[in-house]
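The chain that follows stands alone, in the form predicted alone, written as structure tokens.
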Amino acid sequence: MSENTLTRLDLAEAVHDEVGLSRNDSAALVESVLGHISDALVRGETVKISSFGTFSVRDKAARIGRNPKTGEEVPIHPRRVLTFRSSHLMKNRVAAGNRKG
């Protein structure tokens, strides 16, 4: 795994460099976009970003799990989980990046 991590600050800096907004406006824009995505997911909506992927929320039912260390059965409560499915274009782009080097 790479040690590099893309952060909100990095995204805001990229917006500043590429679009020309001030650093404060760029940071506000990034926060706004991420906020809209988060709010939609909280409402249970699917977020589809063309050529990137789809974020969705899934409801998982209650089930009985097993503690791998003791073998004891443990109830797992129902919960909502966030899933991401990348687009074929993104998969191909990542795969092409892996072949370089």
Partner chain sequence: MIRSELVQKIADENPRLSQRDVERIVNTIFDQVTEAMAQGHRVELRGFGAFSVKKRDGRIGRNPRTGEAVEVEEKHVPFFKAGKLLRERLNGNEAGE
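Residue numbers count along the first chain shown, from 1. All of these numbers come straight from a predicted model, not from anything done at the bench.
A second form of this protein, the form predicted in complex with its partner chain, is not displayed here; the remarks below concern that form.
Enquirer: Contact with its partner chain in the predicted complex for S50, defined as at least one heavy atom pair within 4.5 Å: yes or no?
Expert: Close contact exists here: in the predicted complex, S50 approaches its partner chain to within 4.5 Å, heavy atoms only.
Enquirer: Is K69 close enough to its partner chain in the predicted complex to count, meaning some heavy atom within 4.5 Å?
Expert: Flag for K69 set to no.
Enquirer: Contact between H36 and its partner chain in the predicted complex at 4.5 Å, heavy atoms?
Expert: Result yes; H36 sits at the interface with its partner chain in the predicted complex.
Enquirer: Can any non-hydrogen atom of A40 be found within 4.5 angstroms of its partner chain in the predicted complex?
Expert: Yes, A40 lies within 4.5 Å of its partner chain in the predicted complex.
Enquirer: Could you list which residues of 9-37 come within 4.5 Å of its partner chain in the predicted complex, counting heavy atoms only?
Expert: Stretch hits, in order: L11, A14, V15, E18, V19, L21, D25, L29, V30, S32, V33, L34, H36, I37.
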